[in-house]
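Single chain ahead, written as structure tokens, the form predicted on its own.
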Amino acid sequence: MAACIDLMGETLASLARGEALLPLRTVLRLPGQRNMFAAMPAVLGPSIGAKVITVFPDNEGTPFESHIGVVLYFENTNGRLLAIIDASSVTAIRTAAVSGLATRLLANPNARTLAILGSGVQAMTHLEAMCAVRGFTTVRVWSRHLPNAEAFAERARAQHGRTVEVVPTPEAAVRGADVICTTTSSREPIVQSEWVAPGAHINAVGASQATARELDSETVRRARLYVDRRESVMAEAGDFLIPREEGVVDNTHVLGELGEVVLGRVAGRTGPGDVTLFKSLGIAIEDVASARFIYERARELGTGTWVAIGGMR
């Protein structure tokens, strides 16, 4: 996780420098369902790749994750396919790593209480990422399904040696928390501004559609808002688009991309009382950079299964 946080900082800085080609993702909603099929291509320097996934939000409670697919990694000399990588693992780690980067850049240095809303894969990797950048002593977790929250807390205590408290409501998790991570499949706000303490930092992760959000409009209005990519947020982020439609904020409310903060082009927190907000959507260059890192490490270690696809003539 620590290596991926650093990698995401380098990757988003490359985006801010104009070193990437990154169209908006293509998303096909399956007829009569909330399930989707998505393709996310990108070029990052000499690296070419795409993530191809299905998104089935109702997989909660089944043996399957909500995001299933592969990341395809190519080279740019002959266009060879170099690697096929499990997208579930990449998505779980890199998404949390970007939130870790945002927390490292934006949260108060003395943050000690962490609230996690949700208890799935992203909740666990976000706990790992948060613990990599701040010295949390207390973790609160809430989930709509109490047994899932209790199972999460048990795993988290064993893996991280932290105090993990299961709480009955989102409000109980959020009040007084220094850092808040929303990792749910909710389409309606589960965080109310009146619960968010001055100085808190929020990573809003779960909602990735223009019609879905996890935060109420007042939380967004009062926060210093940062994003992974402006174009994506303007097209896909209900957490921003719905307050904008209500007239609560406008486009200038997006202060900058994380890569711009990394490069020092955009200021982050201005004081300990600021509420800061990172709206995460996940973008394809994060997958391509992860794929390059994984491929190079696999070559170094001699691991992986080698197959012939599109071979030489």
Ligand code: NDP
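It should be emphasised that the depicted structure is a prediction, and the values quoted were computed from it without experimental measurement. Numbers for residues come from their place in the sequence shown, where the first is 1.
The form predicted together with this ligand is left out here; the points below concern that form.
Contact here is defined as any heavy atom lying within 4.5 Å of this ligand in the model of the complex, and by that definition each of Thr95, Gln122 and Ser185 is a contact residue. In the model of the complex, this ligand sits within 4.5 Å of a heavy atom belonging to His145. Contact between Thr113 and this ligand in the model of the complex is not found at the 4.5 Å heavy atom cutoff. Contact between Val205 and this ligand in the model of the complex is found at the 4.5 Å heavy atom cutoff.
This ligand is not drawn, but in the model of the complex it has no heavy atom within 4.5 Å of Arg269. Listed stretches are 206-214, 229-237, 103-111, 78-86; the contact stretch with this ligand in the model of the complex is 206-214, by a heavy atom cutoff of 4.5 Å. Residue Gly282 is the only one of Gly282, Gly256, Gly69, Pro41 with a heavy atom lying within 4.5 Å of this ligand in the model of the complex.
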